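Listed next as structure tokens is one chain, alone, in the form predicted alone.
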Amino acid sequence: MRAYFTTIWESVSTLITGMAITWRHMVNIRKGSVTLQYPEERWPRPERDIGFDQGEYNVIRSRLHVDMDDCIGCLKCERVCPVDCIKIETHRVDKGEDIPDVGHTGITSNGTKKALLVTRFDIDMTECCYCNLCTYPCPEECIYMTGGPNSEKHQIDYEFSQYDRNDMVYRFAKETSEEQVAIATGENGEKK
């Protein structure tokens, strides 16, 4: 019988303690410590002092961007992605062939000759875990997180929320018709 009343007393005392903490927080609420009505109201972003030069290490996790003029279609970023949010399709281009109106083939800014036509380069940012792993194996440094040390290439972009989930799939490859792919690949359309 004693254990029964002890259990009741512990239950009531913990309930009163919890209600007292809630009441104290409700009475002592400060102005500005409630939920903001986003996107009309926004918290100011604090300065980031991480203890070392931000230009040497990208600690900023923002959206991915791809410079398609430098992409050689090596698929390294797609293979290293732990959540498979990057989808790439390439086609081998015949030697000497070029598609000037598409702009996929040619030479990158690092001087690498392109041998593949990238017809699809999609990144689904709803699946991306912002690990930044896809940026390291890229030999042409064409995929990168916006902002931070890449500010000169692309400003940081925090405001990329969408109402429709399909709008979070970024398509970087330039439009290529099947006829252009057939011309570049030598009519047989071999897919790599």
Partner chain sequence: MTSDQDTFIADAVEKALAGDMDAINSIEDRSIRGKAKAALVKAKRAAKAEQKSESSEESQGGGTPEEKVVQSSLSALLSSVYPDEIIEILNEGKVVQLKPQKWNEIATFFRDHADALLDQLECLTGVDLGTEEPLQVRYNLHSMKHRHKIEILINADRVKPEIPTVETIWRMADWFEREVYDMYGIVFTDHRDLRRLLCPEDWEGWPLRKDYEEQESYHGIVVPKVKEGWE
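Model, not experiment: these values are computed from the prediction. Positions refer to the first chain, counted from 1.
Not on display, but discussed next: the form predicted in complex with the partner chain.
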query	finding
Contact test in the predicted complex: Val169 vs the partner chain, heavy atoms, 4.5 Å	yes
4.5 Å heavy atom contact, Asp67 to the partner chain in the predicted complex	no
Val93, heavy atom within 4.5 angstroms of the partner chain in the predicted complex	no
The partner chain contact at Ile86 in the predicted complex, heavy atom, 4.5 Å	yes
